[in-house]
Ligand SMILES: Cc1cc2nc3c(=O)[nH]c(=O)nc-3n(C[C@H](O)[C@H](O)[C@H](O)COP(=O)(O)OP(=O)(O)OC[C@H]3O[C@@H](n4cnc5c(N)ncnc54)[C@H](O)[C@@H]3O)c2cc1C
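In the form predicted on its own, a lone chain appears below as structure tokens.
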């Protein structure tokens, strides 16, 4: 069995460490922070993520029991700000949970599987100087977005609202609002992250792509404020807020073409490999799945060189087609009418509505959505 370093103890790193340790490898998990730790992000766990987490023995009912903050999601809303919108119910539930609780749960699973843990900072391309390259057969780079190629930026804030001021649907609905003021591909979101008590905690934020953001003469905080003031749903919700935390900014490393995820004995996964969804910014599903598949690449290989080739192959066979389809849909959205047309089609055609909503929820691959729009 191999001696493996997994650098980064987020969802991707903990998934890889868990599966490798369970396979009998000697796994050292490194992170610059001790646990529990907080992470700024969107907090959403898609249906696809739930399926991936089940391979680690993590199930929604267990999380619901242990987490002090949790919100089930079974409605998915897509809208063009102040123009047109559609909400679709899904039979399968997703959920939202603050990452403080979620990451701690995955970390505990990895440690219970037999991983050892070290608190250590590893800077980009610093493998040799810190002795890691010679000490391990394989190094899995799971350091997150800063080790990948940042190409988007997001900002989120937590709002507290009294339960009585929200509709039953709003308590279980993830809303995405396309908004041209945020750029061609920019969007805002509103969804609950804790509905167990009163008041309800909501996650409100916006995401923009750097190539569009850099053309604007303002910063991300101002764009967030503009979205809140211009979007009718967000503006009305703000009048009901009884408390709010200051917004926090975080980067995203979304999919890119021609992606290489292996370099010698360094195998990149999760955000470090730019596996975040290019449309929604959701990164948990591919992070957890990449941990599973990189473990499979190592397990099926007789040498570290073979593991390198096999991980690149598994990335291309398991991830690339859907990420490319997402990038094609993103390219279509450069036409100003496309978001409106898509939601209009959802309102007219139940099959399209289900396909698109399930794609946002992480059930239907994007290439199937593209196919459904042809008929």
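Positions refer to the first chain, counted from 1. As the structure is a prediction and not an experimental result, all values here were calculated from the model.
FYI, the form predicted in complex with the ligand isn't displayed, but the following is about it.
- Interface membership of residue 40, defined by any non-hydrogen atom within 4.5 Å of the ligand in the predicted complex, is confirmed.
- Taking the partner from elsewhere, residue 270 is found to have a heavy atom lying within 4.5 Å of the ligand in the predicted complex.
- Heavy atoms of residue 9 reach within 4.5 Å of the ligand in the predicted complex, making it an interface residue.
- Taking the partner from elsewhere, residue 281 is found to have a heavy atom lying within 4.5 Å of the ligand in the predicted complex.
- Put simply, of 230, 89, 196, 120 only one has a heavy atom within 4.5 Å of the ligand in the predicted complex, and it is 120.
- Contact with the ligand in the predicted complex, judged by any heavy atom within 4.5 Å, is made by just one of 75, 109, 99, 265: 99.
- Heavy atoms within 4.5 Å of the ligand in the predicted complex are found in one stretch of 178-186, 237-245, 299-307, 136-144, which is 136-144.
- Annotation: in the predicted complex, residues 151, 330 and 362 none come within 4.5 Å of the ligand through any heavy atom.
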